[in-house]
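This document opens with one chain alone, in structure tokens, the form predicted on its own.
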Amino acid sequence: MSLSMGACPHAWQQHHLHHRGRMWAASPAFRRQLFLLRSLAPTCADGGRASSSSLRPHLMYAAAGPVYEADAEAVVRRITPPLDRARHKGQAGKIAIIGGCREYTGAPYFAAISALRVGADLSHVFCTKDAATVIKSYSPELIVHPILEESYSVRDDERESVSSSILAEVIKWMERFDCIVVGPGLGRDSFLMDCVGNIMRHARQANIPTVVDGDGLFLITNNIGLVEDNSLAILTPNVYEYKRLVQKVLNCEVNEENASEQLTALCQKIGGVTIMRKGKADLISDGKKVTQVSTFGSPRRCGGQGDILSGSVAVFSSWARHFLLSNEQPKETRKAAALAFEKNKRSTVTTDIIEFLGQSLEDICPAGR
């Protein structure tokens, strides 16, 4: 029997909220962030994992065991830091993007501005000097550090000293960050790659969660040791980046018929990392569990959506880890791509999606709550 708003307003409201909760539970953003909540920090402050009452088995099983979904409202209220006057700047997240060179300035901007739109307080970009002015011109909201260098600007006899200087400059900031994103717009210059590899090693030593995307995946595919056995590393490969990872690490081709088992094996072989394999249906695993995200956000596949994801994942990862370590009571968000496409259809571009990040969060968790 259908519910009538006029006959029973309270019952209609409860039905509406329940329906919204089910929609949210099926969304890509929800499943991604739920998985991160469970996997990024091993225990809650009281020594236990996220409440088992908020989890239920999904119908898909992997070799490592069942895939889980969760009660939407139970998880929504656990992720996002509350907005209140007692909090100070920085407590909602300080994110750094390591990327941006002469050819690529859009990607680091998309990642950095998405982190702010999702709710981080501060967003930094460490890029080359050629890219800095361009990235800064996109938005005054970003803190831009023009410290990276490419081979063409460094003499052979200067490389060691310049590399040490770059690392020293990043180290001065590193421990302030809740998470770093390595790769958006990085390019593949050999000297720049070596410098960023040193930055990743230091981030690992400092226990800073690291999201690796774009050209950062090219870097780690050729140097798996940068993320090996690092439980705070999240890799977000697309179809081609994933193929290269499988070939390099497992020495075989991608097997779509046993995709979840192969992803589990890849995570286990690298050791402890979380991999978000993007595709028609996303698969996410930490080597123990696998979850699938099959809900489609937008059929408009404009470039830059992966950068939105990496910036957003960095924020949610820091929130989830902070929650599990402090046992606070935060909230969550949902994917904005569907809203952007609903408005703009085929003309949807990355900046349209970024525009809806704040509205998406407000729809789920109004700031006044």
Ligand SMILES: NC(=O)C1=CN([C@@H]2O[C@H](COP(=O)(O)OP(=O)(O)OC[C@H]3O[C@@H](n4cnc5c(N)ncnc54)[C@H](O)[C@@H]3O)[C@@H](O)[C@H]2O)[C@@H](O)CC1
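What you see is a predicted model, and the numbers here were worked out from it, not measured in a lab. Note that residue numbering begins at 1 and tracks the sequence as displayed.
FYI, the form predicted in complex with the named molecule isn't displayed, but the following is about it.
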Can Y104 be called a contact residue for the named molecule in the model of the complex at 4.5 Å between heavy atoms? yes
Does the 4.5 Å heavy atom contact test between L263 and the named molecule in the model of the complex come out positive? no
is_contact(K172, the named molecule) in the model of the complex, heavy atom dist at most 4.5 Å: no
In the model of the complex, is there a heavy atom of the named molecule that lies within 4.5 Å of any heavy atom of P209, even though the partner is absent here? no
Pick the stretch from 249-257, 152-160, 212-220, 124-132 whose residues have a heavy atom within 4.5 Å of the named molecule in the model of the complex. 212-220
N198, S231, Q268, N238 - the one with a heavy atom within 4.5 Å of the named molecule in the model of the complex: N238
Looking at V290, I95, L186, L148, which is the one with a non-hydrogen atom within 4.5 Å of the named molecule in the model of the complex? L186
In the model of the complex, does each of F110, R244 and G303 have a heavy atom within 4.5 Å of the named molecule? yes
